[in-house]
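A single chain, nothing else alongside it, follows as structure tokens in the form predicted on its own.
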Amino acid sequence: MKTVDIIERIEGEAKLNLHWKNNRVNDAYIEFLNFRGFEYMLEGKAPLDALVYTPRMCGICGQAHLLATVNALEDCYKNANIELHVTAKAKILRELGLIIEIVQSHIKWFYFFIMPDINAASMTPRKEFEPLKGQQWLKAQRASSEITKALALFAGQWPHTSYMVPGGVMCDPTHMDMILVENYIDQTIAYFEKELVGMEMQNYLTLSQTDDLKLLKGDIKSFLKMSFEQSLEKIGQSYNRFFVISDACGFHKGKIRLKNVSKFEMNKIKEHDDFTFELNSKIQKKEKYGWAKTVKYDNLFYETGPLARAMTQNRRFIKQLHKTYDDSVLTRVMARVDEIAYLLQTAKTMLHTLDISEESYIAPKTALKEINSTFGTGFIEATRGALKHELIIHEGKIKSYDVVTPTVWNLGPGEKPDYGVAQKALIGLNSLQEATIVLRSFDVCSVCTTH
């Protein structure tokens, strides 16, 4: 038997194909149907045009794409042996923008994406979590909007800002601006404490044991009750391999294949298009079933995102939950919520080390369009995980541009028995409802995948 389900409430849409045997998922394919072609649009453009194009690949992760582009362009200068100086102030303002974007996205994801499905599947669904009208749904909408205002104070309109450029940032916030930024962050901390976990954030950050789940109150307590009721701690396991590509925002880059974090070699990250539609072919080959590419490290699939970051950072609470429940839906959701507290604390620390008297921008001595030939790569941890931008400049124009997104790491296609990360997590499930929740636990983004 075959089941086809359209996964909505994501950026774009995806199609989930499940094949059943003895009432369990025997085979699974995730199809991404919309092609966008940003990499091709950039060919022949001036290098700085990428700062305008790439943030528009995604309506959620504009800051991440902008920062990855800036890093790649600055790497072009480095590879052309042209010195570039970026102040600590500019670096902090860039990472602060990324943190705010991730926090607002995590809040939305918990209330707008995963909780509606878990609540609908519960034996005792709660009105406060109903989309568009539930009390907690509306509070989450306000909270995510409020912290986004902090970004506007130094970056301009969200989501598609262009304040990061090679050499620094195009803003010069005042002391009052940064006080307002801190005020918005404090409001979000108060929201996290009162509504999400029901305790002070500093106390939450001391949690370190699986039994500490009993101390949690607020909406996360409701999530845990529904999760154990639906056995979400027992489903959604994949390879238990994790990958983090950048140290920015205090994250720890590395990979975990068995237990310990180890370094990785960038040249072992490889994209494949074995199952990806061909751009210039009217008749697609049978094995090609969507626009998503596949990415592996050293020919193995790795999970990326908040759970991977918590694992390489050795955040004790999530490490203990993983020890108890592996890479399940419950652990994956808890890692994303836990990251809100970690990033809000990191943002406070960054604000207190920011020196607004420093230069925001130091102009490069040479324009990129004046460089005949160079190349560059930019790495960053986006909301959903590892993001890589890579470009080649030839005769002052972009010759090629390649983007490897987090959703490609997690939802890129494989084939039996070498399934992609999310595919493997779907095998063996016994209902479409379970499959939808497991797929959502990876924070699906269609436009991100088919950029």
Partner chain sequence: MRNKPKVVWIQALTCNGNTQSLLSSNASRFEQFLNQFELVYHPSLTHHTTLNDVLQSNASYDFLLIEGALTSNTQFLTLSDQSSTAIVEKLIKRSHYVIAVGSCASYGGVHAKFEHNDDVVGVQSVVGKKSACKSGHDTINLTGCPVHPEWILQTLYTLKAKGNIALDDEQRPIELYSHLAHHGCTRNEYFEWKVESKSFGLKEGCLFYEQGCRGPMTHSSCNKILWNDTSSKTRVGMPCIGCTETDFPRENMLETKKNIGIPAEVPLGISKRAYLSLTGIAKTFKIERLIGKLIDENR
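Numbering follows the first chain given and starts at 1. This one's a predicted model, so the numbers in the text were calculated from it and none came from an experiment.
From this point on, the text means the form predicted together with the partner chain, which you will not see here.
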*Which residue, Lys108, Lys253, Arg241, Lys296, has a heavy atom that falls within 4.5 Å of the partner chain in the model of the complex?*
Lys108
*Of the options Asn372, Ser281, Thr124, Asn260, which one has a non-hydrogen atom that comes within 4.5 Å of the partner chain in the model of the complex?*
Ser281
_Among the candidate stretches 264-272, 130-138, 325-333, 345-353, which one is within 4.5 Å of the partner chain in the model of the complex when only heavy atoms are counted?_
130-138
*Find out whether any non-hydrogen atom of Lys424 is located within 4.5 angstroms of the partner chain in the model of the complex, and reply yes or no.*
no
*Can you check whether Phe379 is within 4.5 Å of the partner chain in the model of the complex, heavy atom basis?*
no
*Can Gly156 be called a contact residue for the partner chain in the model of the complex at 4.5 Å between heavy atoms?*
yes
*Just to confirm, Asp49 within 4.5 Å of the partner chain in the model of the complex by heavy atoms?*
yes
*Looking in the model of the complex, is the partner chain within 4.5 Å of a heavy atom from each of Trp20, Leu224 and Lys286?*
no
*asked:* With the partner chain taken in the model of the complex, which residues across 147-181 come within 4.5 angstroms through any non-hydrogen atom?
replied: Thr148, Lys149, Ala152, Leu153, Phe154, Ala155, Gly156, Gln157, Trp158, Pro159, His160, Thr161, Ser162, Tyr163, Val165, Val169, Met170, Cys171, Asp172, Pro173, Thr174, His175
